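There is one chain below, alone, in structure tokens, taken in the form predicted alone.
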């Protein structure tokens, strides 16, 4: 079977004309809203087959209802996480850990890593997070009346916190962000090149920490034990790559989408400025409205799922942005209501693989918004400019120029 060809077992009436990569609003678009553009699937069936819905041109089943996505993400016996998303860019097959491990191995490594990003650990990091936000925003305020949100704030803020956690130097921040951008949003030439560069960096860092341990994340990993043994080189690499890549794009993108929304809604800005205690709740609604990740599982066996004949080896997409616009889950899902209560959004996934860094991501977003609104006056998208958004495996935003003159 060639890529984009619909497998024989998929009934023609179950093939849908939708892709997170190529549908309207998904390609790089000025003033786009790719998350809102996914809501169109809710006018159709609860599950359909998209012939082109991964970076490498594969088809996937698309699960549209939040409750069905939860079923898939809870059922590791039927739906495997092992996809080699990163390794496939190198033509290799090894898992990012624990993201692409299935139980019981997943639980072993998850237990090892949980304390590193626990609520307690995040609370200890909070003064440094706030200090970094304040320093960046004060510098922006001192240098004029407009800025490029992503370059001047979102990336330097979110990524520097993450680098501190990993024990990596800030002065290479822009280099690291460039690697992540090429890996997550680059073409067929940039992506493998970035993957090789990141892999070499992780391997080199692991070797250095074995020789000269310090108090940082990579030293912890190379010295850690699971089930009475040290980690293998491939396990160290699988953890290092996941944690490095995961921290370099998603939180910055979330902050970018949030500030783009506020730039277009001065009344919401004013509400959060005058009542900053509402920011925690507002951040949850912005996570619902602007999630950035498509989660994919691989069927481990043949199954009939809500009338869909899913066969062993089929890809199954649980896109967070689709679940978060489900009208059976959220009242008025296309309305962004910053006071929405009981917000069961799927921005961090669901089930045993729920995002390991969610506590840190939440605090980064809340603190970033608190300090931005406290230190800068009312802002808007700069006249004559338009942010560029894109869909894909990880949604993104750039060229977000705001002005407060």
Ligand code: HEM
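Residue numbers count along the first chain shown, from 1. In this text the structure is predicted, and so the values were computed from the model without any measurement.
The same protein also has a form predicted together with the named molecule, omitted here; what follows describes it.
Item to check | Contact stretch among 292-300, 185-193, 260-268, 131-139 - heavy atom within 4.5 Å of the named molecule in the model of the complex | outcome: Answer to the contact question: 292-300.
Checklist entry - Among the candidate residues 218, 180, 149, 287, which is the single one with a non-hydrogen atom no more than 4.5 Å from the named molecule in the model of the complex? => result Flagged contact: 287.
Checklist entry - Just one of 336, 365, 47, 26 has a heavy atom within 4.5 Å of the named molecule in the model of the complex. Which one? => result Partner contact (heavy atom, 4.5 Å) among the options: 365.
Next on the checklist: in the model of the complex, is there a heavy atom of the named molecule that lies within 4.5 Å of any heavy atom of residue 353, even though the partner is absent here?
Outcome noted: Although the named molecule is absent here, residue 353 would touch it in the model of the complex, with heavy atoms inside 4.5 Å.
Checklist entry - Is residue 360 a contact residue for the named molecule in the model of the complex, using a 4.5 Å heavy atom cut-off? => result Although the named molecule is absent here, residue 360 would touch it in the model of the complex, with heavy atoms inside 4.5 Å.
Checklist entry - Does residue 256 make contact with the named molecule in the model of the complex, using a 4.5 Å heavy atom cut-off? => result No.
Checklist entry - Do residue 349 and the named molecule share at least one heavy atom pair within 4.5 Å in the model of the complex? => result Yes, residue 349 sits close enough to the named molecule in the model of the complex that at least one of its heavy atoms falls within 4.5 Å.
Checklist entry - Is any part of 217-242 within 4.5 angstroms of the named molecule in the model of the complex by a non-hydrogen atom, and which residues would that be? => result Going through 217-242 in order - heavy atoms within 4.5 Å of the named molecule in the model of the complex - there is one hit, 242.
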